[in-house]
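Just one chain follows, in the form predicted alone, and it is written as structure tokens.
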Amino acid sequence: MASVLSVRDLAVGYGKEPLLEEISFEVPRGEVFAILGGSGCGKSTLLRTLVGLQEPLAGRVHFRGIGGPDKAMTPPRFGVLFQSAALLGSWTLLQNVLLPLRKWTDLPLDAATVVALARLRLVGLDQAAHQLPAEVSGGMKKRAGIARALALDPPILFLDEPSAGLDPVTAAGLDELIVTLARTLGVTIVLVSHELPSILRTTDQCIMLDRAAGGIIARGAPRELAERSPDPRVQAFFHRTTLPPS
């Protein structure tokens, strides 16, 4: 299957000191790809670099067929869900989803509203369109953030800890939505997570990062890594155990 995202020899970090080095991977079109690892291993830093919010220290990020992150005033080629959803609190959910449509398209307001409502319907929120973020649950905020990320019909979505802070039932519903977007609409999804149930429910392929190693220590399908990886760090992550003394 063709890849939509190719990362080669990437180094990321702050200042001149790399946090992660020699990061290389491919993301196939239409799959759910996860960036895994413990807290503080560099997952979110890598994600910020992939979407152009942070400059890489070395290497390259290439989006095949859709361009990539740049600083030109052009419409975004992908959608992003931030960990907090990052909705504007004084705007309704509908107004939040309308924002990228008003900024990046010439659609009349009526037509843009039809598109925004369709995106909210896709994530199950059309009945909550006129509510404020403070008036809805955490799971609904995440869904609204996904609707806004989908506003411009991007071929790829980046999701930062989508199920973090959600109760198990709400998280399972969000997992189902992620799988539906990939399987039904063909959207490629790259997500950062350390939530094991969500990872196993949603993810086709993954890489696992380790802070001490400064890079990737495992790659493959999550269930296969959980069952077959000989690396004790991988086993500790997937089976929620502590590492044996070194």
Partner chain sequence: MPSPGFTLAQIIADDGSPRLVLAGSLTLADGGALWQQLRRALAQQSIAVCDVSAVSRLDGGAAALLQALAVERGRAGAPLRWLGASGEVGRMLALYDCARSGSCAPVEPPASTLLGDVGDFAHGAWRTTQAILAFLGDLVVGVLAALRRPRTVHTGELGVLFERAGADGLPIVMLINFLVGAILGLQGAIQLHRFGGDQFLANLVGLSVVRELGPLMTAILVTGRSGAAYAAELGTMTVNEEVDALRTLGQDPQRFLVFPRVLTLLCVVPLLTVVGDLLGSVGGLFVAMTYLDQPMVVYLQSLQQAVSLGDVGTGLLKSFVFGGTIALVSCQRGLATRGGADGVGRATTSAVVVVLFALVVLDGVFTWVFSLLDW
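Positions refer to the first chain, counted from 1. As the structure is a computational prediction, the values presented were derived from the model and not from experiment.
FYI, the form predicted in complex with the partner chain isn't displayed, but the following is about it.
Contact annotation: of the candidates Ile156, Leu101, Leu174, Met140, the single residue with a non-hydrogen atom within 4.5 angstroms of the partner chain in the model of the complex is Leu101.
Scanning Ala118, Ala86, Val136, Ala164 against the partner chain in the model of the complex with a 4.5 Å heavy atom cut-off leaves one residue, Ala118. Of the heavy atoms in Ser44, none are within 4.5 Å of the partner chain in the model of the complex. The partner chain is not shown here, and in the model of the complex it never comes within 4.5 Å of any heavy atom of Gln54. Contact check for Ala151: a non-hydrogen atom falls within 4.5 Å of the partner chain in the model of the complex. Under a 4.5 angstroms non-hydrogen atom cutoff, the partner chain in the model of the complex has Thr184 among its neighbouring residues.
Heavy atoms of no residue among Ser3, Ser6 and Gly38 are located within 4.5 Å of the partner chain in the model of the complex. Along 89 to 126, these residues reach a heavy atom to within 4.5 Å of the partner chain in the model of the complex: Gly89, Ser90, Leu101, Thr105, Asp106, Leu107, Pro108, Asp110, Ala111, Val114, Val115, Leu117, Ala118, Arg119, Arg121, Leu122, Asp126.
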